[in-house]
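Shown here is one chain on its own, the form predicted alone, set out as structure tokens.
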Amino acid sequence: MELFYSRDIEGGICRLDQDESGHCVKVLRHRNGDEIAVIDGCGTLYRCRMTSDSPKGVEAMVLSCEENWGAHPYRLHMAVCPTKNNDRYEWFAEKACEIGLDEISPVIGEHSERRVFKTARIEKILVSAAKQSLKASVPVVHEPVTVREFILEHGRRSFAGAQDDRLLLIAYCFEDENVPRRSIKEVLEGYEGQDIIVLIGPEGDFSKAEAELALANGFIPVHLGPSRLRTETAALSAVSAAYFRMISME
């Protein structure tokens, strides 16, 4: 199924940008009168009929729309420290989107080797991954923040006094005899909500101070099995664990 992407859909008219238009007209050879399928990145699939086949700006009339197209029955927010090799982070983002993901937060830890992160390229990769995996939603990529800032913004204390059934998880490598880590599989199996946040550290792991702050703000320490995983592998393993657990509840 061919999918195009547009955020310019209004008044029953869908407009593709120059890149999408060029692909539609020059590569796929679509012409006026052809029906095309367009996602808006927010969960809706539009079925449209082309009224202009300009390679610089295709226009199409909306025939019908379908909300929550290709959606998954949970919300997953991955807060992952950027990897030293940026290609590895991009690989994680692409594959995580294909499996099922809603938000990505690049977080900078005390042990992070990469402290500069640009979101524009990741956003383009996510659009392609959403189209490839037949999803109408494109995950949101947030601007980088420190691990500490993320914990204080999203932790349990920031929701004090409000109903909060989110599952907050942090995966780190070191052992703490006072707070033993649990298997992510075990924790997910006991969860009946739909909103999950997972913190994954950098190559050098979280610092003890970051872990302690996370635990004080309601994060549950988990492990991903006996293997020592790279950052991007650990992150994708967590995405997969959530996917297989939550789709089994449908």
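One rule holds for the numbers: they count along the sequence shown, beginning at 1. A quick note: this is a predicted structure, and the numbers were derived from the prediction, not measured.
The same protein also exists as the form predicted together with another copy of the chain; that form is not shown, yet it is the one meant from here on.
- Judged by heavy atoms within 4.5 Å of another copy of the chain in the predicted bound form, the contact stretch among the candidates 163 to 171, 132 to 140, 148 to 156, 116 to 124 is 132 to 140.
- Using a 4.5 Å cut-off to another copy of the chain in the predicted bound form, each of 94, 244 and 248 places a heavy atom inside that distance.
- Only one of 36, 187, 224, 213 lies close to another copy of the chain in the predicted bound form, with a heavy atom inside 4.5 Å, and it is 224.
- Though the partner is left out of this view, residue 236 does reach within 4.5 Å of another copy of the chain in the predicted bound form, counting heavy atoms only.
- Within 4.5 Å of some heavy atom of another copy of the chain in the predicted bound form lies at least one heavy atom of residue 240.
- Within this chain, residue 77 is remote from the site of another copy of the chain in the predicted bound form, having no heavy atom within 4.5 Å.
- Interface membership of residue 229, defined by any non-hydrogen atom within 4.5 Å of another copy of the chain in the predicted bound form, is confirmed.
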